[in-house]
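One chain follows as structure tokens, the form predicted on its own.
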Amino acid sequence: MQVIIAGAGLSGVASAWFLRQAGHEVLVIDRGEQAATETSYANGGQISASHPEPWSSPAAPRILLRWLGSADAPMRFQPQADPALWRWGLRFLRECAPARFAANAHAIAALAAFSRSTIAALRAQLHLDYEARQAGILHLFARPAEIAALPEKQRLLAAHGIDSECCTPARCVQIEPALSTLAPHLAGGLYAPQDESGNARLFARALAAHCQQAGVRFHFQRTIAAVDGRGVTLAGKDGAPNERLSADAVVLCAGSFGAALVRPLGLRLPVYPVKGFSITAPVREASLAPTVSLTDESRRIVCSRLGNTVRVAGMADIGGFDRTPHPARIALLRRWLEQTFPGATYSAEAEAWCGLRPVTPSNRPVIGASRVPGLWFNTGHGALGFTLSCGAARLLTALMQGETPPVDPRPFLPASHHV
């Protein structure tokens, strides 16, 4: 079967690899100069099966109201005259119901655990070099009430084979000595020893190189003007006419921009951009810099050691497709880095970045066949793009092959999202 994949980020490249391994002819198209130039470029760098809870939680409406108008709020809603935003927002509120939140968390945890093992196997098979660290992820909590809720979270994780350890502040420092400055402000933590971290951009590009060696073709710097189940239309370059490429199937991995591509087909894909930010700072003093990947749950900030740099990422701005790094948001990340690990990095030299996470209201990705024959989805992975990438690609491949899925596909099928 000839397959065209729209998008060369993590999900697109992973889909290309597993579909090619299944024997299909694969062509990947992306408007960037190479793989992972947009959302996968500088994300938080975590492979975090231990964080499957969706943003649409029972507490989310109250938290959003509390943060309303705050410049330092981890999540900001910025109203736009965009009907898609308001539809997405109403569905987000619906997913905050306790039963829906629990079902979504279990579905995401199952896919995340499977994906994490798939990434580990792929790394070993292909000897991928992407600044990977198998040191676990340590979740940090500032309030005692958050610690009191951890047993319920641990039961969720244990149900899917995800190990975790509830930690005192002293235990947090034992796991990551660089936290000694922050320890007096901690209520405790949760350590997931099997979780990993790494450079998502390097992972995607290393896997893309293996894809090319296996026969996958890539067309870069080409913009897709239209898609359907039998091919894509590429926008002409420098005044040239549009170009039609035909295939037996098309897989949409176009992130936040996929919804606009399928709207002319009568498909309403519930994916909306949620803007995230990151800084990547060179290490100044290695003994002061963290080596274990961290998640500051109170501030919604993650931190990963990538080679001789420290990546700090987080926050969520909901409202449009602007991809400009906002100075105040970048300053917040830089301040967190300086206060948490004083003297560890050259924070003034940090590279600032922002990207648009493709998020569904439930945080469950959309994986499977659309109502348009031949058109498939693998999109909407949100803040867990790195975590879910390879598991989602294997699930997609099994569905396209008509094979037994490796995880329950029902929560991710387009029909479950009313697409």
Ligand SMILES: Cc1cc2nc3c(=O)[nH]c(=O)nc-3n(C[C@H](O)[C@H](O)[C@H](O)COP(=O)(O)OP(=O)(O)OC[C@H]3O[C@@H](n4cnc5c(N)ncnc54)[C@H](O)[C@@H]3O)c2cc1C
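Quick caveat: nothing in here was measured; it's all calculated off a predicted structure. One rule holds for the numbers: they count along the sequence shown, beginning at 1.
Omitted from view is the form predicted in complex with the ligand, to which the following refers.
- Contact with the ligand in the predicted complex, defined as a heavy atom within 4.5 Å, holds for exactly one of 384, 26, 366, 390, namely 384.
- The chain is drawn here without the ligand; in the predicted complex, the stretch among 390 to 398, 368 to 376, 57 to 65, 39 to 47 whose residues come within 4.5 Å of it by any heavy atom is 39 to 47.
- Proximity of 52, 306 and 407 to the ligand in the predicted complex is absent: no residue of the three has a non-hydrogen atom within 4.5 angstroms.
- Contact between residue 355 and the ligand in the predicted complex is found at the 4.5 Å heavy atom cutoff.
- The closest heavy atom approach of residue 223 to the ligand in the predicted complex falls within 4.5 Å.
- Though the partner is left out of this view, residue 88 does not reach within 4.5 Å of the ligand in the predicted complex, counting heavy atoms only.
- Proximity of residue 254 to the ligand in the predicted complex: non-hydrogen atoms within 4.5 Å are present.
- Residues 7, 8, 9, 10, 11, 12 are the ones in 1 to 22 with at least one heavy atom within 4.5 Å of the ligand in the predicted complex, listed in sequence order.
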